[in-house]
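Listed next as structure tokens is one chain, alone, in the form predicted on its own.
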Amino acid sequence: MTLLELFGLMRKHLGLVIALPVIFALATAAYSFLVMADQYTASTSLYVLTKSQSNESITNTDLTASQMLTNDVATLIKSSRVQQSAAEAVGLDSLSGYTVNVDSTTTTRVITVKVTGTSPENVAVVANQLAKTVDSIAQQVMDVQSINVIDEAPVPSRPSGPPRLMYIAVAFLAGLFIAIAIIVIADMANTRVRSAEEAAELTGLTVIGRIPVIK
């Protein structure tokens, strides 16, 4: 099937091509706005302060070790020990209802912790408690002097998700794809002879006359 033939089929079944994507988009919009809860994200920044020896200059090896230690602290924040301790400190059984993301680069000792959940107040409390918990635990299990909070997590004023417009756009495109697939499959399944050219091709005979349609 050529692209021109596909456009011809779409024009012939224009109602289906328009209706199905619109239905998909409206259904997704109704679900995302009426059923899906708003998500809020609180962010806090931490600085890893490592133990240093006095009267000694800092070498490249020391910097590399500090950066590796920072990555270890970032991994520690994701551990079940830190998250469970933080949950208990704020009166929760666990952090299963929250999404915790930790960002750290290889060039700094700054760690960013982002907590996402449905309550703006709770995500800020959990993010700040994670910073306090990882400070105490890191001093116990790692060669870390302290983990200082650069910016405490404020209570978010606006939702950070879900990306409803993206969901609606994807649903619209999915409906369009399904509509085109239905049209193409239906056309391929239709084995009727619909033109003189098809009859000549199937029989190998020459068309010598046509009977016009009288309306």
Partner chain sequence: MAKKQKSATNLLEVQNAAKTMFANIRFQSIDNEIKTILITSSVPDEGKTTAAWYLAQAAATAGHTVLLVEGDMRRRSLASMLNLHPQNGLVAVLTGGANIRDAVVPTTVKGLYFLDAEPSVPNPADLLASKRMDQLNDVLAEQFDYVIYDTPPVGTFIDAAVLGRVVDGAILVVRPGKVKRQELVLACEQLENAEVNVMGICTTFVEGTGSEYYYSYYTKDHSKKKGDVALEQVPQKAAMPSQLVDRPSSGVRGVGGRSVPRGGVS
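Only the largest set of C-alpha atoms that superpose within 1.5 Å between the two forms is called the rigid core. Note that the structure is predicted; figures quoted are calculated from it, not measured. Residue numbers count along the first chain shown, from 1.
The next section is about a form of this same protein that is not shown, the form predicted together with the partner chain.
- Although the partner is absent here, residue 3 sits far enough away that none of its heavy atoms falls within 4.5 Å of the partner chain in the predicted complex.
- Using a 4.5 angstroms limit between non-hydrogen atoms, residue 190 touches the partner chain in the predicted complex.
- Under a 4.5 angstroms non-hydrogen atom cutoff, the partner chain in the predicted complex has residue 196 among its neighbouring residues.
- None of the heavy atoms of residue 22 is located within 4.5 Å of the partner chain in the predicted complex.
- The candidate spot formed by 200, 203 and 208 is fully in contact with the partner chain in the predicted complex: every one of the three has a heavy atom within 4.5 Å.
- In the predicted complex, no residue of 165-183 lies within 4.5 Å of the partner chain by any heavy atom.
- Core-superposed comparison between the shown form and the other one: the Cα of residue 15 travels less than 2 Å.
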